[in-house]
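Next up: the same protein chain in two forms, each one alone, written as structure tokens (structure 1, then structure 2).
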Structure 1
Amino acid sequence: MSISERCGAKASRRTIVKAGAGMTLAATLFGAGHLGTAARQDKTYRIAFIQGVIGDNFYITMDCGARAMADALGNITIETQGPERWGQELQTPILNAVVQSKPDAIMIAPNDTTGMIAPIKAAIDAGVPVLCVDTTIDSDIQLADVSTDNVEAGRVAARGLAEAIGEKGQVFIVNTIPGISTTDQRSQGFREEIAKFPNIEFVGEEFSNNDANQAAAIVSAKLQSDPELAGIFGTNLFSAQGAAAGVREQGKVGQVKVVSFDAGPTQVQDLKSGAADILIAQHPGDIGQIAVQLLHDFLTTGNPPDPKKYVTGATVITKENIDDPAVARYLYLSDCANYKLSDITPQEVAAPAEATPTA
């Protein structure tokens, strides 16, 4: 597990109180002075969670984290909405309607870094504070951002792959579509980290246009030109699935290790069937928890989060460690029945204001 180590700097500004019977409840309170406002604690706050897209295990898990934290805090209710497909024109009407329902705060995974600025600004102008989760907008109007540190996740992927291939051989990236910040950052982190291994040679990056067939064709061709290829990093689901198919077609299963991003049921199945050797799990549940924690703190104290950026980590999952509860808890969920609140706090994952590009 590789939660960012950059938390220490700001931790001193807050007091972490662990409370709750038998469970680790992380309620962050903003100094003793605010504890006096007991009346506020009696009020129940409605937080609307607008997902990037509904029905996605990543966001379902995030929702679980949000709801678990809401239950633990006791005075928060979560209402979840989201578009059926990724698209600013689909998400905007939902955001507008949610604003009309007058929630106390909104946490949203914006569908477009530019396109969602105006709708989010309208929500804020209407008096509803907005916090961005997972994705963000190219602006500073939002209360805060909580997302995966994709550069760090790329590094985690590099370390995982390096270990799997015995820290030697050629490695290759199958990325999805150029210009997408998250996947580009994963690629960047991977390349930075893999360069630290003297016996590993980085042999390039190709784009699959988020099409598994194209990814397979790319990998097949690559295996023709570089038959000694030892590892491939697929930066998202289709890129990794296609890469695995290419490896199979070329009869190189076992010789070439495939790293797939995310840990939904599909990816887990790929791992178990051998189509992927390593999964890089983001921590969407942590994102949901921290987002709700931050909003709770803001709603109860009136103090906006400081710093404004929080980045969660990533975990390497392999066939060997998948049954380890410490790892298995990062597998994405289809429902919240088995979600376990983690004891992560915003302080642990607060990013220094200037670092970590999240756009």
Structure 2
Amino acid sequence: MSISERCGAKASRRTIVKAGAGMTLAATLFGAGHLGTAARQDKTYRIAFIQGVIGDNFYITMDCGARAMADALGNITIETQGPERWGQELQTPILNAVVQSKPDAIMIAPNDTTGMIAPIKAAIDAGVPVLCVDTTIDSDIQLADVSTDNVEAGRVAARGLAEAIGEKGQVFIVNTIPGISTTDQRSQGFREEIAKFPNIEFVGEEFSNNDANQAAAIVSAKLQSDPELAGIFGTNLFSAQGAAAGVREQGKVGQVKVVSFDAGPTQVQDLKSGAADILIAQHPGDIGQIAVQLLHDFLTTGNPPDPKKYVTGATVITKENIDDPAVARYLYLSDCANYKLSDITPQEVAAPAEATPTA
């Protein structure tokens, strides 16, 4: 049985979380819940999108989804910015400045689970509703959270790597920065799942400070100190890029298997060249679409999202399935020219209370 079959080549929003009763996009936009709000629908709303880091293909694709949904709705404008590198100290002043510009709402990928609570609370206290996308905070003050099921995606990565190395040998995690909800959860899911394989030894985790060059240096050093290393899991785009680069530098392509979280252009090249063996693609466009839909509904009706958690899927990408259009649609973008609005709805990915991931 192939890796794709065992892990779920399309571990999509429909398979990672059971959806509630679905509604079509048309029903969502024009259904009964919006009758009687014509006056508010006529108003244009301004949503500020604060990315986790600027220039990351994951967040670029999320922005494409947000803008496509805004265009479809017709009364939303999106303003996007973000820090040049990951860091609460860089994101906080951006958030503060955005609040001063008085947008109607903010969607943000917080850079720290605890450190961003106070700045987000200040925004809310100033009258600006805030919704978290991708990452989150250890609080429930935000309107809602829209993200990948990162614990489950980490488990999928572990199963894929286990099969790639024949369910035996040493494995290692290259992570990004401690205290980020998403990557902490991926590491958790990976470690929990890999422990189920009796002939696989987990030999540790190191952090790359969200720097691909630092990740490459970590992996190069690890391959020298642990020559029997069989597999590596890179927990985000930059860590995964660095993992593949480190394997190349040490002449271990094909010998050391790499599971790469995210699916940016460089990671696709790594997959095709053999430097990476599996990509775990999130659905950032879907996250952007759902976030804007939820904020639109709140701004036009005054009703907060219910439930507060929305969990999108992840797709396993291999050399064998990358050309399948149903899979290729989840490859991350460098710009929005070819983005196509999907028919995903918040109702489809609303997480039941008992299935809500913990940060």
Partner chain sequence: MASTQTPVAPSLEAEPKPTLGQRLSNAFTLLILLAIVIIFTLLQRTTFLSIGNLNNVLIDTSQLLLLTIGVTFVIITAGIDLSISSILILSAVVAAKVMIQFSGTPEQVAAYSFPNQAMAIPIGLALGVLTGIVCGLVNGLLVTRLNMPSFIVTLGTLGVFLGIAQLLTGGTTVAGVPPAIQQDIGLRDLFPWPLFGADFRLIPPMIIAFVLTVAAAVLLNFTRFGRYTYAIGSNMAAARRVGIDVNRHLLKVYALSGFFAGVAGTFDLMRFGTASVGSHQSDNLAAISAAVIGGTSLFGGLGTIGGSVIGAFIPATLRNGLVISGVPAFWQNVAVGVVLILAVYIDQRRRSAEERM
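These numbers were taken from a predicted model, which means no experiment stands behind them. Just so we're on the same page, rigid core means the largest C-alpha set that superposes within 1.5 Å between forms. Residue positions are counted from 1 along structure 1's sequence.
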Chain form predicted alone, by structure number: 2
Core-aligned, is the CA shift for P83 between structure 1 and structure 2 2 angstroms or more? no
Using a superposition on the rigid core, decide whether the Cα position of I177 changes by 2 angstroms or more between structure 1 and structure 2. yes
Is the shift of G251 between structure 1 and structure 2 large enough to count as movement, that is, does its C-alpha move by 2 Å or more after the core is superposed? yes
Would you mind giving the Cα movement of E192 between structure 1 and structure 2 in Å, after fitting on the rigid core? 5.1
